[in-house]
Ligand SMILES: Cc1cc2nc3c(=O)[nH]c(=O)nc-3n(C[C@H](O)[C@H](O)[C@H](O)COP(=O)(O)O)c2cc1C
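In structure tokens, one chain follows: the form predicted alone.
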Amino acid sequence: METELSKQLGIEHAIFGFTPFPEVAAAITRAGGFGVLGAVRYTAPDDLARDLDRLHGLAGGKPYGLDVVMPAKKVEGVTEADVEAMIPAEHRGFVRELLARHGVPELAEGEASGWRITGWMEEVARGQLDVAFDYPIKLLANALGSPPADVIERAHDHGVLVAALAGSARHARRHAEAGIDVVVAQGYEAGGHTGEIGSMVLVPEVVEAVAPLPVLAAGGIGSGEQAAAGIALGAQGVWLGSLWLTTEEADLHSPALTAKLLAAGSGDTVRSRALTGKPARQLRTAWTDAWDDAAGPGTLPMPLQGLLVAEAVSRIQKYEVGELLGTPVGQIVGRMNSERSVRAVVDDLTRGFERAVTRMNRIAGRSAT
């Protein structure tokens, strides 16, 4: 699976794997792809540095990247406490009632509430970059569109390519105008924050909109045949996230969640604002149903919703409350039916890609005669 972009980055396969786990990112890289570590869950620079140390050590000298969540416009001087103060009492009450209804225990006194979605904030995101550029990352991706112009310039000064996710051709053109190097065309089927347009329609629209910039196809890709389809539509590689959640190297800390993912079908996800305040595809649960119910208070805008539900999500995950337990994941979850090593997943992708190319060459050969 070699393309101009994979050659530029020095990787064997044009498979870009986004993951919150450094062990998974390193395994993707070692298998010939390109591992990308998600940074949004890191609120302390030392924690990110620790995991980048681990990723770097495990990658065996091969290239890897980092994904941040950063707004295009600077939002300086806003603290987490300022944002917390904006959350209405009604919404806090709704969370308490929902957890009580499902019998979710409290955290122990003094126990941290786990991941708080603060990586969007200027001070946090820039702190992550201060750490990142101390490492030989080859790609900086931003999940909220184009990062600020000074960040793009800083990355380029370090010889780092900059990628941005796009859910429409309009978004992609804005990225190109901002000086982005790679556009990730993320279709409706994808896990996490995603737009309204399906990958089969979106990818060629984005390819045409930003040519000659390289485009990666994302959303609904979990096999080599699907990867071949994305490249046939003009992409120079594929961006995969959900597929790694049930790999042996992933550390979900929840056997119950892993079991739910393995049992889920492609129709068991929903685009909901329940987790972050922006539409994000995730497992459908009693939690998402409650937030999407018109009888409830409705979700808050990002980042208020993420801060509001942080402790609740930590409690649900710690105590593995089945009806409420979920995670961002794409419709490709229907193919995630067994725990496999990252290497086995990559090998399966490349074999499927070869089968698809062979089949198309055979059809093209018959057509030529």
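As the structure is a prediction and not an experimental result, all values here were calculated from the model. For every residue, the number given is its place in the sequence shown, counted from 1.
What comes next is about the form predicted in complex with the ligand, which is not displayed.
Across the options 322-330, 302-310, 47-55, 340-348, residues that bring heavy atoms within 4.5 Å of the ligand in the predicted complex belong to 322-330.
Although the partner is absent here, A143 lies within 4.5 Å of the ligand in the predicted complex, judged by heavy atoms. Within 4.5 Å of any heavy atom of the ligand in the predicted complex lies no heavy atom of A155. When the ligand is considered in the predicted complex, V183 lies well away from it, no heavy atom lying within 4.5 Å. Under a 4.5 angstroms non-hydrogen atom cutoff, the ligand in the predicted complex lacks A26 among its neighbouring residues. Only one of G167, P147, G220, P214 lies close to the ligand in the predicted complex, with a heavy atom inside 4.5 Å, and it is G220. Residue-level contacts in the predicted complex: of L245, A229, L129, L139, one residue has a heavy atom within 4.5 Å of the ligand, and it is L245. Contact with the ligand in the predicted complex, defined as a heavy atom within 4.5 Å, is made by all three of V40, V69 and W239.
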